[in-house]
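Take a look at this single chain, the form predicted alone, given in structure tokens.
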């Protein structure tokens, strides 16, 4: 009997081990690849819904602009919305002092929140940060005084701030914060508070979406007052009072300061218009919120009268006593486009420059435009924000453009990291990433992807549900015999045609459609299975509910525009006027009786007025599957 040599036995064992390791490695790579595909699909859902909302916002505002341009001054529609187009009427210092005077506001002994002394000090702002960390609220007197001092200071700043980097104090650059106070606190924990030795550039979008936008502003303004040469604030597209009506900041301020909220908002409107538009480091690195276009001219941006743009969504009109003489000059349009592109634009991989129809404002610009603008201005790098990135940052355009985004968990817990940049005199960016949520840090990759995926699908199901009438009508085109069945291919193409979100519907089909038979699906049953509940109301015309669900955010915007005293209440007449504006905007028919029925059904305490927040909450859709 021949003996087996030990060396062959060892070799076989090693080969078996290597084969097993390769098999595990291949399985793991496939597993990670599938998770990455799910993560990207989830990301596309969140981003598509976000950009569709921004596009709706701009369309609505453009419609209001059309009313202002083409309706007579006496028209009721024009009167309802004309106040949002007025420039800041209070511009003289003496008038400003009277209107925004904080001295008559008493800080009572019962007040237990933080106190501020003026001029503000590093110690005072540090204590304010600590108070905000413990969810304390600053007294309205201090808020108005702090905002007033900020307004005075910002008026002395140029449109483009210039910063010098040195070895002893690298510059920290932060992107969008969007009311995420926990992210700002984490940045300060990791990087240190702003000081003369720790300069910061905050690149806009401080407000909206999150719950603590005002606390972020007060913190940043406090440090700006203490270190005006070392704290630099660029304006973002959300530093705009029209955008704030839709995305939560207006509601936040009025909720926290019911008595003085209107004055605070008016003062913030003025402050936003005075924020600088760009920062340049060592004449080599350009920092703007959105981006550039093929017509971007830094010399023109430096000369823009920026305070004219209380809202950047529409070019300003020339002052005139006669309504018919009101017009926009070519110079005004060119100046406005410079501002709009800086605040709203996004990069694209293809060469060229095209209108940004996904957002509805600004442009998409390509690598060739980046090269040309940087070359023309002797720059080497462009840093911008404006877009949420999964890792908190992203290079593009041959690494000549960096997107930095500092709000982690932007769409959902685990959806993305936040990041900031440290940059020394070598102008090489160093990225620091983080997750503000402890919950997310404890999740595995699979759990994190699953969590965010469920949230994205919930948001998508709500979009499908509110468009159900349009979807059914479109599906019926492929169901001439009324059997209630269509092909999966027709389902995917029709759903995209109705929602226009640019999503891979065939890839999403297994997660949205529970059952198919030989490539066919029951679309009526599918609509019922979306698991969305809605309120039961006695209304003569249910089509008004469909209109309301599809235009929920537009309705809130119009409500808050019509609520000129910011009381949170509107009368039945104003409620009817809101719907008239929406009907005119959508070019659809909504009967007066349906509007009256809806008003009566949601006047919960029967006092003849409607609480805006209660109304919007009453019509909030609930995904049953998310609660099971």
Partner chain sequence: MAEEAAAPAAEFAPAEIEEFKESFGLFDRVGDSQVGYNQVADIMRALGMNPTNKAVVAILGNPSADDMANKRVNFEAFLPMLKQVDAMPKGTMTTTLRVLRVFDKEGNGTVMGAELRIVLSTLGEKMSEVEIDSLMTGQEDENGSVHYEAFVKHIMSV
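Positions refer to the first chain, counted from 1. None of the values given here were measured: they were computed from a predicted structure.
Keep in mind that the form predicted together with the partner chain is missing from the display, and what follows is about it.
The candidate spot formed by 22, 29 and 506 lies fully in contact with the partner chain in the predicted complex, as each residue has a heavy atom within 4.5 Å of it.
Note that among 555 to 563, 34 to 42, 584 to 592, 568 to 576, the stretch whose heavy atoms approach the partner chain to within 4.5 Å in the predicted complex is 34 to 42. In terms of contact with the partner chain in the predicted complex, the residue from 149, 294, 394, 332 that brings a heavy atom within 4.5 Å is 394.
Proximity to the partner chain in the predicted complex, defined as a heavy atom within 4.5 Å, holds among 528, 303, 446, 483 only for 446.
Interface membership of residue 10, defined by any non-hydrogen atom within 4.5 Å of the partner chain in the predicted complex, is ruled out. Interface membership of residue 349, defined by any non-hydrogen atom within 4.5 Å of the partner chain in the predicted complex, is confirmed.
When the partner chain is considered in the predicted complex, residue 469 lies well away from it, no heavy atom lying within 4.5 Å. When the partner chain is considered in the predicted complex, residue 551 lies well away from it, no heavy atom lying within 4.5 Å.
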